[in-house]
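So this first bit is one chain, no partners, the form predicted on its own, shown in structure tokens.
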């Protein structure tokens, strides 16, 4: 069976996850898991020996390829790297999954 499932990973400044989820729901994303994270860029900041990290949220969604592309377009337009949300996103293939209803995600020619 061929599938077109993708893991859509979105890294965003803390506080914007709900806005991104609302926007991606409008293009077909049905659910997401949000992880608290911290970011560390190429330029490491520290003040008085204390490392200053940026609070981030990592959003994980499993979607079909077309929905992933639509979601990435919305994220780039509304929450891209030049916005206060400062988000980046990428997809990875998903070979197998259990625990969610994937029927609408499986490609049927």
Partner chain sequence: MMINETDNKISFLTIITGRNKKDALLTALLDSDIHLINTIYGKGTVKANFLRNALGLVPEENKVVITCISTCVKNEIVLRMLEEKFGFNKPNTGIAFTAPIDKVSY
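Keep in mind that what you see is a predicted model, and the values were worked out from it rather than measured. Positions refer to the first chain, counted from 1.
Beyond what is shown, the protein has a form predicted together with its partner chain; the following relates to that form.
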Looking at 80, 31, 28, 39, which has any heavy atom no more than 4.5 Å from its partner chain in the predicted bound form?
31
Is the gap between residue 62 and its partner chain in the predicted bound form 4.5 Å or less for some heavy atom pair?
yes
Within a 4.5 Å heavy atom cut-off, is residue 23 in contact with its partner chain in the predicted bound form?
no
Within 4.5 Å, heavy atoms only: does residue 14 come near its partner chain in the predicted bound form?
no
Using the partner position in the predicted bound form, report whether residue 94 sits within 4.5 Å of its partner chain, counting heavy atoms only.
yes
